[in-house]
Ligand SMILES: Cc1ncc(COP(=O)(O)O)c(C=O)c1O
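Next up is one chain by itself, shown in structure tokens, the form predicted on its own.
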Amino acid sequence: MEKINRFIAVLEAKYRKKTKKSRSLYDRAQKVMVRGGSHTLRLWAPYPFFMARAKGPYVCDIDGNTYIDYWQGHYANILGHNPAVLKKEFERFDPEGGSLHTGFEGESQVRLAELLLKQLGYRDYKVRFTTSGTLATMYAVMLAQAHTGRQGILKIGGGWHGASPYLLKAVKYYPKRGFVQGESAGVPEGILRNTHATRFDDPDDLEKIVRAKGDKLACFILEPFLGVGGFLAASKEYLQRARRLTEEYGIILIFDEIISGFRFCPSGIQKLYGIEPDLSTFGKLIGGGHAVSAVAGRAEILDGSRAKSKQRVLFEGGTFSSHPQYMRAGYVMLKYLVEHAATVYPRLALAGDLLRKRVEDVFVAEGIEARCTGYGNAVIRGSSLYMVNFPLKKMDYESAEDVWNPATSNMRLKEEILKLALLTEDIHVVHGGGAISTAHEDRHLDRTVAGYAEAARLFKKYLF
């Protein structure tokens, strides 16, 4: 512990020296906001830098430091920050009613809905837009409960679906207990009792739980490519089992594609697996950098939000739902990805595979075991997402339990020390890694690998 604290002190001193203006602004922020901000993940220790501008792979802070960024708008900016294709469009385009919100319907949301459903390619599907992934997954669960008349929810242990009260359970790993308990005060006890968790990509555990509780479950919600839980791809066999079991028990199968939608192909990742869920949630990429999310799925379920529905779900929309500018940005983004799919996705997959391998190699060169998650599988041919893990023993990362168990992986090294070490090298990551965009060129990746190599050298000097 003494070695770790001494190393952190060295890194913090270097970081503080280069971010004096950010420190001053953070002091101001703490006086008026809880913990000095409005999103916990952005408030890292000792304090976050404050952004001045962002372009392509770069973020520049108010002190003038420029970082190669892999957070990329919470993984939303697949083309990099402020891509030219979007900026060019808005320089010449006056959104319906102007750029400020008017509260009226516009053509752009119809075009975005048509394009999204076309790329999904299912019959009798509809979509409704909202403004965050949290709201999309919340409404999807509510629609499933109304449609089935059941209250039970099944999710993946370690799966993050936003801060909806329905899904704030089994997110954080607890030593010796696993993913078992509620994450927040204020969630009704009845919701917690009705929410259950299963192990990711474990078909036998899934079948055991569904056989025992299936007649009480309204839905099974999961990410086919696990996001915060570890950047892990489900096997096709697992998702096929999930589809078969949910159909057998009348359970609504929900694919949360907030992160994976349009990240691996110009559609949901479900198209690569050839599996049709009953409902899907989308966000991030479909807004082109704006606050857009969606619930898409079988019309008979979405129609539960109609005023005359017997089991009506008040999926009414919020003030900024389907903002014309947001809808236009989403349409331009998806249209670009559809038209350039043949170059965008292979390039991102190759870049991800090379970066993961090179990052692992620089740590091995210093005698430090490091394993990246984010690799593809037999269905997903490569991935632009990566997460760096430091196993405490030889192991394969197959589930969120493997990624987040402090008995098997060094959490502090991954979440705190690596981030700070890379910030001193002008590289910004979250959970040890992040998302590669098309704006990350070979020179940026080379510089990133050099930053990880320097971090590995310091790890060996101070900790190993």
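Keep in mind the model is a prediction, meaning the values are calculated, not measured. Position 1 is the first residue in the sequence shown; the rest follow in order.
Just so it is clear, the following notes concern the form predicted in complex with the ligand, a form of the same protein that is not shown.
Student: To test your reading of this chain, name the stretch in 244-252, 156-164, 390-398, 122-130 whose heavy atoms come within 4.5 Å of the ligand in the predicted bound form.
Tutor: One stretch meets the cut-off, namely 156-164.
Student: If you check His196, Arg371, Lys284, Arg263 against the ligand in the predicted bound form, which one has a heavy atom within 4.5 Å?
Tutor: Comparing distances to the ligand in the predicted bound form, the residue within 4.5 Å is Lys284.
Student: Pick from Thr148, Thr134, Gln109, Ser321: which has a non-hydrogen atom within 4.5 Å of the ligand in the predicted bound form?
Tutor: For this set of options, the contacting one is Thr134.
Student: Contact between Ile258 and the ligand in the predicted bound form at 4.5 Å, heavy atoms?
Tutor: Within the cut-off, so yes.
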